[in-house]
Structure formats: C-alpha cells, structure tokens
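Quick setup: one chain, the form predicted on its own, written in structure tokens, and binding and motion questions come after.
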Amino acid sequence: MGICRDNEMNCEWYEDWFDSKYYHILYGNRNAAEAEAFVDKLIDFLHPDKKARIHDLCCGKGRHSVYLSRKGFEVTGTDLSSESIQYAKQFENNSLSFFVNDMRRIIRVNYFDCVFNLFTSFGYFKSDKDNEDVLKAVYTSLKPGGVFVLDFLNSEKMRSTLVGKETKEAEGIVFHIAKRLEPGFFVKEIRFSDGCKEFKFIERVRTFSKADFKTLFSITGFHILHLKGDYQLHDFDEKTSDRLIVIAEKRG
C-alpha cells in the first residue's frame, strides 16, 4: 500500500498512516505496563466470565489481545492495518485470533461478551453515519447483556491544554508535530525526513464530548452504565479528567 500524504491519492489519513513503519516508530514507546494495568482494572471492574469472548477492536499489533488471552479469555483482535495484523498473527493460538477488518463492518452476531476499543481508536470518520455504524456493528456483535468499553480522550480538557508544537526523536528520526483545533476535529500534523525523503502525515480525531457520546450511544441502542476519567477508573470529570471512558451495555 502506498503512502498517501496531503490526500494526494484522495484516501483517508488512517488508511496508510497505520500501515506505515513510521507510525510504529513514533508511537513505539507506549507504556506496555500501563496498558496491562488498565486491562487489569477493567477486568476487575467488569468481572467477565472466565471464558468470556472478548473483541479487541482496533487491536494494532495485539498487545492488549495477547495479554487478555494470557488471562484465559477467548480473544479476537481486528484492525484495519494489514501490517499490524500480520505482526500480531505470530501470537495466535486456540483462544486468540487476528484478522483485518474495517470497524464499521459486523464480524459476529450476538457473539461477544465484551468489546474493548482502547486508546482513542474511535472518531476518525468525517461522517456521523460512519461513526454510528461503528457502534451499530459493535452492538450487533455483542450478546444481550454484553459490555462495550470505549476509551477516548477528554475533549473539554484537550481544548484547554492543546500544545501547539513539539518535537520527538525515535530511532534516529526527528518528528516535528503541530497540533491544532479545526471545526469538529483535533488535528495533528506530523512532518519528518528519512534519508533524502520528506514525509508529512495528518491525523484527525473528532472532538466528541460527553454529550455527543450520550447521543451516539442512545441512537445505537446502548445503555451507558459508567463514565470513567482515567486508567484507574476514577469517575469522569469534564474539566479535569484525562480520558473519557464509556462503559455501556447491550440490553434486551
């Protein structure tokens, strides 16, 4: 798949960025211990059955899926990035599988006990219908009584703390990052060079608020059980929380 920059090929930003090696270089230092601690908190809080079926939606290279599988659950990891799924497949076993899928598409019907969508892997689409279709697909895939956990940024706090520019270095590459607010979106512009080549990528994430999520979840049939504000699962505060973690149930 070719690199699509500045919409030169009229593709969406996430189609090639997540398959690019540079994405993994830039974000390769994410804290695995923090991720596992968050999963532990969720499991302790939700108390799923020991043999529960869990869907790790937008699983990336599978770090959460692998950890959940080690805890004894039957896990399915899906992601749009074929490169990430190819990497994750080395960890497959009888209770852990990975495959490429667009998050708007239904993969199972009344099958999963839990669906996890972690670390702001939502809100990429321009169209409200596309974002609703994600939730509808999740709803359809869950058993009645199944639980969906959506981990998103706290837009209200993000607006007030948005850092305009920063520089990060990883594996010898200097990434110049500029962040800005556009109508309905947080935008991150990433520029860097590798050898004699110059690169530019754009990330766009919707500025969904608590009110927006309440509307989205209501439209798609979910009942919101809890709103949490960090990876320790403290209650959500719109002014001070770092995250907006929605825990919702499929009823009926």
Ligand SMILES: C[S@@+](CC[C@H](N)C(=O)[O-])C[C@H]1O[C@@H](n2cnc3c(N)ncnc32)[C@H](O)[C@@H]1O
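Quantities reported herein were computed from a predicted structural model and do not represent experimental measurements. The first residue of the shown sequence is 1; numbering continues from there.
One more form of this protein exists, namely the form predicted together with the ligand; it is left out here, but the text below deals with it.
Asker: Among Y14, F18 and C58, does every residue place a heavy atom within 4.5 Å of the ligand in the model of the complex?
Answerer: So, yes: the whole triplet contacts the ligand.
Asker: Given that the partner is absent here, state which listed stretch (118-126, 137-145, 88-96, 165-173) has heavy atoms within 4.5 Å of the ligand in the model of the complex.
Answerer: Checking each option against the 4.5 Å cut-off leaves 118-126.
Asker: Could you work out which of E74, D102, E156, E132 is the residue within 4.5 angstroms of the ligand in the model of the complex, going by heavy atoms?
Answerer: Here the answer is residue option D102.
Asker: Mark Y22 yes when one of its heavy atoms lies within 4.5 Å of a heavy atom of the ligand in the model of the complex, and no otherwise.
Answerer: Flag for Y22 set to no.
Asker: Does the ligand come within 4.5 Å of any heavy atom of R204 in the model of the complex?
Answerer: Close contact is absent here: in the model of the complex, R204 is far from the ligand, nothing within 4.5 Å, heavy atoms only.
Asker: Verify the contact flag for L80: yes if a non-hydrogen atom of it lies within 4.5 Å of a non-hydrogen atom of the ligand in the model of the complex, no if not.
Answerer: So L80 counts as contacting the ligand.
Asker: Taking any heavy atom pair closer than or equal to 4.5 Å as contact, tell me whether R53 reaches the ligand in the model of the complex.
Answerer: R53 lies outside the contact set for the ligand.
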